[in-house]
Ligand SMILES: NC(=O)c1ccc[n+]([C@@H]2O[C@H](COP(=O)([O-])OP(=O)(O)OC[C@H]3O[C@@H](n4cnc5c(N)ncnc54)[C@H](O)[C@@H]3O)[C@@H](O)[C@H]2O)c1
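To begin, one chain is listed below as structure tokens, in the form predicted on its own.
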């Protein structure tokens, strides 16, 4: 393909070299003339393993040209990869000045193109930027429409400094945010040969997942470092602990617990987080991230309290453990506000509760016997608003059979096939 790359910093320069190596004709565009001179002479503008030899080879191949003329680069190519910087502004927001100026220049060039052009934004962008900010700029400058005369996409990059060429050739996956099949087909031609999954999604989801990935990486680093600080104070080997943690690929290093849902509770997580915070406090160790988890969990519970009028009570489907159940807390809050509450939970049988469960009910919700009903159809029939925290087959079948159009369902578990339910359905955070 004939490809133009805008912004020859870290990502742009590596992409230019790898695409040229793979046989594409590449136009490198940057406002910094010194970068262009280095590339034209076969030298790399970024320090990176393998780049010196690779840039020398692709420059000698004749497939690489460089320019400061962004409009001409669009006219001379069929696809543009945008890798310009999006640094932080003083207030923490994203400074989009450079990419907005480039969007206007690209629009002016597209005004004179007679063939569809694919624009792939690879710069990290706040979700909504491509569709709400950049698309209007390009459409106004070009007098043309996205999806008809040109196609806008977002493709996040996952290159790590020091191993970027290896990461380019063997990425964890290729994510493409595209709203048009024609654009997706072109990107699949370009990157579909890589040994990884090619996943197409919406532009907004692709923008957001880049932030999510970086935040998750920062979270993992901070988790390991806070654990290490506490381990040091307690005389424990942090490397041994984290190595053991990583041995668990069923819960720890897995998809487990990475699905949006309701707040956590139960007999383990809250008390162990409190104990961890107390251990850190008495040993003069600061663990701000770990100490903030319970507060964040309370925010999620507060969000649910704003959206619901009733709820089931057990900790999770398949258990009668009510200790520190967020649903019990939610029920308490709603009762305190004078809400008439009915509860159906197939896992909670009051007559069979023993030990800690019975003590918890007696101390925290002694009037639970007046709330729990054995007949799910009766609970559905008499309620205006239904909170669903269980997604088992029995509950789903009853909802499909008994719901009415005048009812509202607050979904805390991400129910499947909600279009089949007769009532209005509102998710917690979705």
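Positions refer to the first chain, counted from 1. What you see is a predicted model, and the numbers here were worked out from it, not measured in a lab.
As for the form predicted together with the ligand, it is not shown, yet the points below apply to it.
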query	finding
Contact test in the predicted complex: residue 3 vs the ligand, heavy atoms, 4.5 Å	no
Exercise: residue 161 in contact with the ligand in the predicted complex, heavy atom 4.5 Å	yes
The ligand contact in the predicted complex: residue 123, any heavy atom under 4.5 Å	yes
Contact test in the predicted complex: residue 146 vs the ligand, heavy atoms, 4.5 Å	no
Answer option from 277, 200, 227, 86, heavy atom within 4.5 Å of the ligand in the predicted complex	86
The single option of 178, 102, 81, 330 touching the ligand in the predicted complex, heavy atom within 4.5 Å	102
Which of 384-392, 398-406, 30-38, 371-379 lines the interface with the ligand in the predicted complex (heavy atom within 4.5 Å)	30-38
